[in-house]
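This document opens with one chain alone, in structure tokens, the form predicted alone.
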């Protein structure tokens, strides 16, 4: 998809989108646009950063940074904005974070848009494990969530051309000086320290790259998560605790093993794009090893184990319009995405979206994300489908995740 350098003439503005869709909270619409376009910080904004208070460091499978810029932003209603600076596509200029009348604000085209604040770092961030590893290397944080990325590489990238075309994991791993697999002991120690901070966390979250090996395909990945979740479960007296696993899509037997031997409460396996032909093109490794239809069927069987409202799948919204094989118009893409989302939701599986951030190092890094209006229409549609089928996705709401504009709409 291309919008040309005069993109403001070819798309509805933020103000016009807010006016056209009054049922979508302005906070949600702003969040989408900032994630879609990225941010830059003025010197005045950076002077407001206090490394003793704010998160400036993060290490994960997708995103490593250690500088003076904030990890991310928070709006007045508690909505998180995941923004990684200037994005690879430069058709649309980024938002500017500046200081106006003593307040940190988002500025677009010279106009202040909304007040924001910087994420505050948790207490454990300045501590080390017994092995001397900085705890922020082991477990990252969101404003109300512990985030664990135990495998920071993906086996699909071991075969040239098999990685997902929007994914930056391989580029991030090669650019960083870090192990692919974290030590389970370090993870348990860090989580044990993190949960001591009162009122900070509402959920423990795990995700990472695919591990294909084992007696059965993906058993190595299952073993890793069982080891970690078993150790964390002990911190909660062996009981089921607020938690989410985002992984490759496992077989019914593998999922049953995880559920029965750990305290995991919710499960997600991201299908990435809601179209079989585009799935085969964009996610060739997943297509070859599992397949689109089998991916969906495994999600449906997961509901039998975890229960309705405890299973969902994510899409990278916007990649369905990537050139040259994507949909040619936003209307066509929207109709297809929502039709397939409804079919999946009718089986009790929630469908949630994140905003496609066109990042350097990905196969798609020269592409351009869709319009703001497209994302708002998609978010409204996904929210309406979940309401229709009475699917609760609190596992991915604004407090536990904050990455999905459509689940933010569930607050309304």
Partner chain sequence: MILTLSTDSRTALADPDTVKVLAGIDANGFPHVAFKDSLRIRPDGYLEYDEIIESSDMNKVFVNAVWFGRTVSVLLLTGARRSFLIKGSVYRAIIAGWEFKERYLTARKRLGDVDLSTSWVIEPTFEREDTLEKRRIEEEERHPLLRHVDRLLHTRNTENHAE
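Computed from a predicted model, the values in this text were never measured in an experiment. Numbering follows the first chain given and starts at 1.
What follows is about the form predicted together with its partner chain, which we do not show.
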item: Distance check, residue 28 to its partner chain in the predicted bound form, heavy atom within 4.5 Å; value: yes
item: 4.5 Å heavy atom contact, residue 238 to its partner chain in the predicted bound form; value: no
item: Partner contact for residue 134 in the predicted bound form: its partner chain, 4.5 angstroms, heavy atom; value: no
item: 4.5 angstroms heavy atom contact with its partner chain in the predicted bound form for residue 78; value: yes
item: Heavy atom contact within 4.5 Å of its partner chain in the predicted bound form, the stretch among 120-128, 164-172, 148-156, 329-337; value: 120-128
item: Among the candidates 98, 197, 234, 219, the residue which, in the predicted bound form, approaches its partner chain to within 4.5 Å (heavy atoms); value: 197
item: In the predicted bound form: members of 135-156 within 4.5 Å of its partner chain, any heavy atom; value: 143, 144
